[in-house]
Each structure stands twice: as C-alpha cells, then as structure tokens.
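The chain below stands alone and is given as structure tokens, in the form predicted alone.
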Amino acid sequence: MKTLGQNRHFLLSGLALSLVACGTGEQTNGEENFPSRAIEIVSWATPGGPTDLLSRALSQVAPKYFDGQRVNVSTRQGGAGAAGMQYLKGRETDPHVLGVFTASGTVNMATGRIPFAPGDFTPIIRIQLDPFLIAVRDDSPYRSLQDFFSDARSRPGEVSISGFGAASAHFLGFARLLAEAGEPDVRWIAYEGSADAVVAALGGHTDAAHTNYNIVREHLRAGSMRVLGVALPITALPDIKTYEEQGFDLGPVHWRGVVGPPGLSEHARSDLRDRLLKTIHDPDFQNYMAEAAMEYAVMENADAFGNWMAEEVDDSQELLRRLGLLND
C-alpha cells in the first residue's frame, strides 16, 4: 500500500511525463515529429498571379522533400493581405503553416493598410526577384529611359506612365527611379492590375507602362511592345540595358519568399529552410522558374531575410513621407 507521499510522487511523475508527451506549443503543433500532417501554404495574392503561381509551384514539388506529406495552397484574400496574415499569425509555433510573402506586403505594412510588421512572422527564405521594367508600344519614339525622361522634362505633366496601384510596390519602384532621374514631372496612372496598365499603354492611353517581364512577355514576342530598361538583368532580355547601365544607380524589384508563423524555434526554421532549398533546386521547380521567367535570388540566411523585410518597410515609409503620402 502506497503512502500519501508515494502517491504524491507518482502523481507528480505522471504529470511530468504528460507534459513531456504533450510538450510545449511547439511539440503540440508537431515540431518534434515534423512533418506529422499536411503542409499549408497561405497565399493572400490574386489567384493566377505570379505570387499565387509560386505558391502552387512549391505545393507541387515540395511533397517529396516533406516526407511525402501533401502540400496545399490556401488562398485567404482580403484587407490588402491582412486576412491571410492574421490567419498565419494565429498559427503560432506551427511549422506546418507557411506563407508566401512579397514586396507588396512590406509596402502595405509601411502605409499602415495592415496592422502587422515583419517581426510578427518568422522569416525563412527569400526565393526570387521580379525586376521592374518600363515598356512602350513598338511605335513609340522613345528608345531609352533618357529619351522618356527628356521628353517629360520638355513637357511637364504631359507624359504619363501606367502601373499597378497607388502607393504600391510598383508605384514606389517608379518613384525611386523618378527621383534618380531628377524628378521630371511624369503622371502616374494607377490601374487595378498590371495587365490593365499594359493594355492602357498598348492602347495609347499612356506613354509607357511600369510592370514586370511576365506581364509584357507575350507583347514582346508579338512585336507590339519594346522595353526601355530593366531594374536588374533579366535572363530573357539579355540585350536590354539595366537602369544602372543607363545612368540610374538603383534596381527596384518585386520579390517573394516564405515566412512562417511567429514563435518557430531555430531548429524548425532551419529544417524548413533546408526542405525548401531542396524544393527550389528540384528540376521541376527550375522548369517553373524558367517558364515564368523569374530570377533566382535566394537569401538562405533567415535573419538576413528578416532584416531585408524590415528595411523595406523603413525605406518605403521614408519615401512615402517624402511624397506626402503617409500620415503619421
């Protein structure tokens, strides 16, 4: 017959074993035996857009590197990405839920459209860059960025360029180029989508379009558009001069990477990074990158990626203040 002290000892021992078995939130969420269930990639981007396609490419290739577990894409739109971010943030310490983060996310943080900061998530890896470019109709008189800006200086307020959104990553990318060019008076005409912005330029409603290669690729192949300059070298456009090669010392880009919910341990973050690295180096994923004409720009160091995002928010806020578009 056990004494009261012995019973107390066994009860405490049982409680300790129970805590070890259940663990902290990390273990409950499956970190110890990761992956123990399907992986969810949260995308708050427009279905069919570049970010959504990246999410789906990851979901198709990743299962072989996640021990055969299914990888599903969950589209959660709304609130300029706030709906998806809120969901991801709410899955604290769960390595089975990831999000594809982009430059648009940091701009929305900078503007205050969404109540989140980069520190609300666990950075894992940056995957790709999507350099901005400026394109014109094939019959445009402009042959270079200098031609475009020289005309803008001679006709203040009459030269226009179409692009996605107001106070967007696209808008800020062009604003940075405009500042480097000496602030010629070019009208930014905002559209709800990059494809619409390109159609506007094709129709002669604007003098040029500020966009990414994927959006104009078919128009370039058809010969109906030309590119005046690219922010950074693009493999598919080897003969097009970069902004820097044309005298503008900058290279604004759209970028995409993967983050996790808050509270992931260093072990979980390292494990996820290694699995994602194997995924993006897989031949099938490389085929997607080639077909999508995306540029690899892998940032493996998770802390560096987190710092990159924080700096993007700070830089965007500074530019928005200078343009009078941020109310502190």
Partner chain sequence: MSSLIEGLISAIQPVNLGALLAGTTLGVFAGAMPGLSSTVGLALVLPVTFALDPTPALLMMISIYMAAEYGGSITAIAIGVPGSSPALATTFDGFSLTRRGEARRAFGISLFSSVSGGVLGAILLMAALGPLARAAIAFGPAEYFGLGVFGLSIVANLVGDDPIKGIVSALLGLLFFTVGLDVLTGTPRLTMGTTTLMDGLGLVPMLIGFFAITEAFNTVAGGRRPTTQKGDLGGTLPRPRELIRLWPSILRGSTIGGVIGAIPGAGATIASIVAWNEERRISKTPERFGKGIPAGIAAPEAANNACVGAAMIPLLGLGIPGSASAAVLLGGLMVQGVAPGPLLLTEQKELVYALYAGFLVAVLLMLAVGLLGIPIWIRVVRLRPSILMSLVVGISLIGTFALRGNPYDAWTALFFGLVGFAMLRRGYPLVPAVLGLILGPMIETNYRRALTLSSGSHAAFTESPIALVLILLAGVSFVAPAVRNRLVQRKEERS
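Positions refer to the first chain, counted from 1. Since we're looking at a predicted model, the values are computed, not measured.
Unshown form predicted in complex with its partner chain; subsequent notes refer to it.
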item	value
One stretch from 182-190, 143-151, 253-261, 229-237 that, in the predicted bound form, holds residues within 4.5 Å of its partner chain by heavy atom	182-190
Residue (of Arg91, Lys241, His219, Arg176) lying close to its partner chain in the predicted bound form, criterion heavy atoms within 4.5 Å	His219
Residues Arg56, Val199 and His205 all lining its partner chain in the predicted bound form, heavy atom within 4.5 Å	yes
Distance check, Gly157 to its partner chain in the predicted bound form, heavy atom within 4.5 Å	yes
Glu266: touches its partner chain in the predicted bound form, heavy atom cutoff 4.5 angstroms	no
Contact test in the predicted bound form: Glu291 vs its partner chain, heavy atoms, 4.5 Å	yes
Close approach of Ala80 to its partner chain in the predicted bound form, 4.5 Å, heavy atom	yes
Sequence-ordered list of residues in 105-126 near its partner chain in the predicted bound form, where near means a heavy atom within 4.5 Å	Arg113, Ile114, Pro115
